[in-house]
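First, one chain by itself: the form predicted alone, in structure tokens.
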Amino acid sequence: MEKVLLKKDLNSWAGKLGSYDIYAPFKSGDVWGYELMENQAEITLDYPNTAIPPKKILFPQREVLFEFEATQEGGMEIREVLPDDTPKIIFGVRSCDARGLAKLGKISQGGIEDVYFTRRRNQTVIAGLACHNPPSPYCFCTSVGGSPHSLEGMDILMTDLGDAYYLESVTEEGVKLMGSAEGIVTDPDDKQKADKEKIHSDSEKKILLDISDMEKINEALSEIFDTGLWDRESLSCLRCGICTFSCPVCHCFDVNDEIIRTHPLKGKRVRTWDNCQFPDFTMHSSGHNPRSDKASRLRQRVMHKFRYFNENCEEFLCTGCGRCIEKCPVGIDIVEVLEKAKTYEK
């Protein structure tokens, strides 16, 4: 299904979606992020990019897995805490972030299913936004199999035509959502179809960063595991973790018990985001740490994204959003690291 929605009617459409929790880009201070919109009239899709990707909606930074409490009989009562079943819509998701959600979906289905992520994803509709221009000069989505108008992970793709949005349904959920806009959408004419295609074509030419010969990455990384490249590239790392927290596909987490009281025992088991760049991330209970230095941690991050995941799933665990480059306070550039990896002489 393809329709055209005038920009002035976006909030009217949102007003018809009262059964959904609606998330959209929202500016707080100088920072954009995806927030639950209490007032649909505040929805705007004219934004650069968010600091944290929409993964935080489906994979929260902190979530309770279950609650536990000692019983009078000396046992333990455990109550699983599952996400609520309210359907959600996320408006304005960039193609790189939608691809990130698709990759997280594959990860959550591998081995033991992550029922928390899967439940949220199954009740969430993604109304994405194609990029006219790269939201960042550090975007490199086309180098890792994406594009500014990729449909992967989308239910609807919206393309900005100036005074209107061109809507394309990708899934049945997308068709259903567009059906709710009956009366305020129209069928596209030939000019609008041509304008949409030109916008998509032109947007790919505007990506500034490019990783050449990506097919050589896997082999190159396999040959430089034990080299000085990692020491040099990680020298300035502050171990702040912003590279992975801002990544659409990084999904490391820690699990801890939070004790509310001790007599009788009562508490919660909580999952929180963790970070492979933190010194204690791989600390063993014995005190041994197989990645005790910054070099081995940077190597793991790059190897996981561009070698290990590629070998297992035949795709990169990276969407090319460029946040890790843009947000790094010391300028560590993963594109530069990959280019050096291809030409590194041992």
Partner chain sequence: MVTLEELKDNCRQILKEGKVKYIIGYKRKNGQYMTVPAFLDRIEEVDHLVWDPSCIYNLVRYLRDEKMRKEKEKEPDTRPVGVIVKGCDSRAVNILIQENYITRDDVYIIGVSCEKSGIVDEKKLTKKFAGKDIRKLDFAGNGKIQVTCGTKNSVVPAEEILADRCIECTIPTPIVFDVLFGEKTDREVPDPFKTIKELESFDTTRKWEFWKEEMDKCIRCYACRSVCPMCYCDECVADSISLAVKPDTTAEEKAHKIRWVEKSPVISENFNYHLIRAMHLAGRCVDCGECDRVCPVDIPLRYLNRKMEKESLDHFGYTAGMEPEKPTLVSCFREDDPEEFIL
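Source: prediction; values computed, not measured. Positions refer to the first chain, counted from 1.
If you look for the form predicted in complex with the partner chain, you will not find it shown, but the lines that follow are about it.
In terms of contact with the partner chain in the model of the complex, the residue from T186, S180, T272, N133 that brings a heavy atom within 4.5 Å is T272.
Checked against the partner chain in the model of the complex, the residues E77, D85, E258, D226 give one hit for a heavy atom within 4.5 Å, which is E258. When the partner chain is considered in the model of the complex, D21 lies well away from it, no heavy atom lying within 4.5 Å. Using a 4.5 angstroms threshold between heavy atoms, E204 stays clear of the partner chain in the model of the complex. Although the partner is absent here, E315 sits far enough away that none of its heavy atoms falls within 4.5 Å of the partner chain in the model of the complex. Although the partner is absent here, E336 is a contact residue: one of its heavy atoms lies within 4.5 angstroms of the partner chain in the model of the complex.
Using a 4.5 Å cut-off to the partner chain in the model of the complex, each of V31, R62 and D280 places a heavy atom inside that distance.
Contact residues in stretch 287-302 (any heavy atom within 4.5 Å of the partner chain, taken in the model of the complex) are S292, D293, K294.
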